[in-house]
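The data below hold one chain only, encoded as structure tokens and taken in the form predicted alone.
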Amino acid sequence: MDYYFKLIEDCETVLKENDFGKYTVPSKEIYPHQWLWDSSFVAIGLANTNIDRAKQEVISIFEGQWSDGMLPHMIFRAKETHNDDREFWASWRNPKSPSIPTSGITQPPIVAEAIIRIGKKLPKSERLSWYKLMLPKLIDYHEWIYRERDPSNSGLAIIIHPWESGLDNSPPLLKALKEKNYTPIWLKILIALGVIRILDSFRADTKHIPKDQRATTSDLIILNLLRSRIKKNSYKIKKILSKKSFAVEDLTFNCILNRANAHVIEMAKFIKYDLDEKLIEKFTKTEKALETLWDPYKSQYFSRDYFTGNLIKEPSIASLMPLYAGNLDKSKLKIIVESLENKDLYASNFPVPSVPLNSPWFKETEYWQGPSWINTNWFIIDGLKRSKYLDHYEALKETTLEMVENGGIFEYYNPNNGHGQGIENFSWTAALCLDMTKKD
């Protein structure tokens, strides 16, 4: 797409500015560490412009892998700075953590997508070497997911914190927390008295970004209380689940897992790697289990509370993620695509809002409760293409790129006016735009 020359140039500049040698930070201002999701998206983008640097980005992700296979959602590298962040997580509480400090939770397994996309850019001999290097580590991660995060052997992985979904303060996840009555009495009192506003001034993020573009202070307190409980239990899943506080069969996580499983199988076939039959059975079970998250009365997919077994019937962009998972039957696929065209739901002026426009949660500026994000657009675009909805694919790709071209390379965007929001010069926005501007 030659007419996006300026956008491509700007995206490449952002990635260079956020490049720390062998890994890329999302933003120097408020995200100074390495994130699993972000580095995976960065690698996907760099695969189109600098294949060696893309490979290094993925390799750096696995430097934080735990001995049990877990990939943490954050890696802390600079010892002389941000010591509070390392203490905040204290990964060393768990003996399976690596020597490098990390967080103690994960994020959706999009790294498989990065590995296979890099591989397909390489000559066959180099692709063989690349897959042989990365596949065993990736399999360790998938085996960890099924061993540690599928306690009922249902095929669906659970997340133990909303941050593991990647959609941090998304309504279904906050609803699940609040239904557990997780808001302590002292916080309810502070909220009722309006004293909570005083705490806003202590936040680092709102020194760079308007307060109305971030999660609320009360929600952040709740999320951090949950994180503290997980840390207190040394990130050991049996202890965490015994508290019965938060565990969700997250739709977004499992849709990405399903697609990642398909990538694992494809890579294994390419290098003639014998996958464990039990693991393949789990992959098959995941694909089938996703259908148990469909609500025939609401005609959409939802996440499910692990402890109650109830669907969390709060619409969000997660309900569109089965497009990316693939293997949808035609009737459900049609319903999801029609929701993208519905002006009461997801057909905003600037696509795609993170919650439906008619949702009582909808706020055009507040993080995952309204704004449009490039990574979720990218998932939907990819799914539309593979589902052969090519007109929708082209239209959404074009409007997404135009939104970034006109609004700047931001973290997320106002779905009503297209203005860039959150932090500027955001890495995954730049990387995924590079990917979307490549020739098909």
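Only a predicted model underlies this, so the values are computations on that prediction, with no experimental measurement involved. From 1 onward, residues are counted along the sequence shown.
Keep in mind that the form predicted together with a small molecule is missing from the display, and what follows is about it.
With the small molecule omitted here, the record of contacts in the predicted bound form names 164-172 of 277-285, 164-172, 255-263, 188-196, defined by a heavy atom within 4.5 Å.
Residue in contact with the small molecule in the predicted bound form (any heavy atom within 4.5 Å), chosen from 66, 378, 37, 410: 37. When you look in the predicted bound form, the only residue of 346, 367, 130, 306 with a non-hydrogen atom within 4.5 Å of the small molecule is 367.
Residue contact with the small molecule in the predicted bound form: residue 23 places no heavy atom within 4.5 Å of it. The small molecule in the predicted bound form is not approached by residue 300, whose heavy atoms all lie more than 4.5 angstroms from it. Proximity of residue 62 to the small molecule in the predicted bound form falls outside the 4.5 Å heavy atom cutoff. Residue 389 falls outside the set of residues with a heavy atom inside 4.5 Å of the small molecule in the predicted bound form.
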